[in-house]
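Alright, here's a single protein chain in two forms, structure 1 and structure 2, each given by itself as structure tokens.
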Structure 1
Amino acid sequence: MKKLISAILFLLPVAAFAAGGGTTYPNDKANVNYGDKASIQNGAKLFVNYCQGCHSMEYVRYSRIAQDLDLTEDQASALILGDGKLGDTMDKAMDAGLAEKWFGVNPLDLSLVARVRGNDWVYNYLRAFYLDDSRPYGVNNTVFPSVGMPHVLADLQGLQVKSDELVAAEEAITSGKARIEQLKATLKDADASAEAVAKAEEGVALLEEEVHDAELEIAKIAREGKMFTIVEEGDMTPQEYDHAVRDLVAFMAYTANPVKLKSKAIGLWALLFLLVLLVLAYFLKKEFWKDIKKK
């Protein structure tokens, strides 16, 4: 339980992307289809091949996955790492002690990450890695700035950099905010003349408008899919990669709430039961009122 609580606290939203004022980019919808078991099955394969080396899912058993996703025993066994058994939980391949020694932290369990962060956040995060020489693993992320994780899906997506349009908009925001702070210092200066204060107030208003326009420009760039430029192609096209990430998110969404696969079917049966009960209640009401009217 302590591990679960720690994971949830760690995964709470962190500092937002500076240009978004709380909104991170890209900001696309994951559109996870819980009824598409083929998608979730492919996501399970991707998780095992690319994520489970470092991250576990301690609250998910292979047997439950096989049952929910209609996998045969052989298909489910193909997902199991090492000499694990069908009834085992999805433990990571990496030793926790060695992981903490190598990375300074034991990579977190991802059983509930889709529920804590949300499907859309995870989907955009896995698509938002870009080259950054200042980071330990050579990559950064616009959804999770200064991320400490390497881009494990780089061989599928390829390598990308921020587009010139995005860099220009970000620089406009950074320089604009710096100049605003300088002018605000003038406003706080008790010795400043009335003319200097007036000019500072006018300057702040103009710069805030410029910053706002740059933020809108970033949102537009994100909507048009122009945030990044591929500099080294991966095994997949951008469209194929987005589809693969959607499958991976679908699997993580399933593990965060396995009952959701059956909840819709249960809901339909519940509605059907209530409909039949309504019909019976209606005829029962007529029978009662018939006796009352006679009296």
Structure 2
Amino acid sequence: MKKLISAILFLLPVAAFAAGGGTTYPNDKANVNYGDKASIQNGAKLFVNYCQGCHSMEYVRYSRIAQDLDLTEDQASALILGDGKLGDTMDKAMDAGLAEKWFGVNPLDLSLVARVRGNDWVYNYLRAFYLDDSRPYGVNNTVFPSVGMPHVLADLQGLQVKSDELVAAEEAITSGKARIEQLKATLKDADASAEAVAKAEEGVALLEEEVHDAELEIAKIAREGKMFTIVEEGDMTPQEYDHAVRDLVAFMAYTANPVKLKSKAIGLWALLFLLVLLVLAYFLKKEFWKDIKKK
């Protein structure tokens, strides 16, 4: 019996993590809870207030949200922009042509973004805006470098800069890579002496190790949450801000995959059903063998 149970537990699907190449930082987990409707509701409110000016959700109707998230009629109509109706899709406030003129790109429809990019990516992206004078809106983003979106949540998060540790590690990588390129030029040079080539090869190996160390250092800085330093406080503490962004991502995760709300419940019932079946099968087996053993 014990063996049977452990075999079943073993076969339960284990969440697979996609180990993607080209990691960007921060690289934290969004930990969206599809069962937490209050979180998704709060996310919907944040989306309407802070995102829908520029981004639509063409595949999402207010009425569906109201139904899925158990909203009252008043709560639902509070979400609706302008003179929209409950049966409408979540169109953006801004005209597409105007948006393109302002931002150079037409901000994407976000109905499916959490599925395309992944919950974690969106969660990290919205926490990774930092001050950068060279950008048109004064901010850049470590997850989406040179992004064309302003930091629309700045009044909640405040403004942050890259921390000194992060800047130092990044500089080590840039300068290390530049020196590697220089040395590689020596290696390609047909006139270089054997001695010079050997020295260059040694240098490249050493620098590659340094670059690798600096990359590990960045991963560590990110893990410890030390990538940024707040220089102007927002309305929220960093913890509150992370929570708000998690809610926002929960809402986008729901719109990208509305059946998830239900599939989790269905999955639990299915497991329960299998357990009951297991117990019945066990007693049935006992019943059958009882007679056989007697003979």
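Here, residue number means position along structure 1's sequence, counting from 1. Every value quoted in this text rests on a predicted model; they were computed, and no experiment measured them. Between two forms, the rigid core is defined as the largest C-alpha subset superposing within 1.5 Å.
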### Message
Please identify the form predicted on its own: structure 1 or structure 2?
### Response
1
### Task
Considering the rigid-body rotation between structures 1 and 2, state which of Asp83, Glu195, Val105, Lys262 is located at the hinge.
Lys262
### Summary
C-alpha based rigid-body angle between structures 1 and 2, smaller part relative to larger, in degrees, is 20
### Message
Rigid core superposed, I'd like the Cα shift of Leu284 between structures 1 and 2 in Å.
### Response
11.2
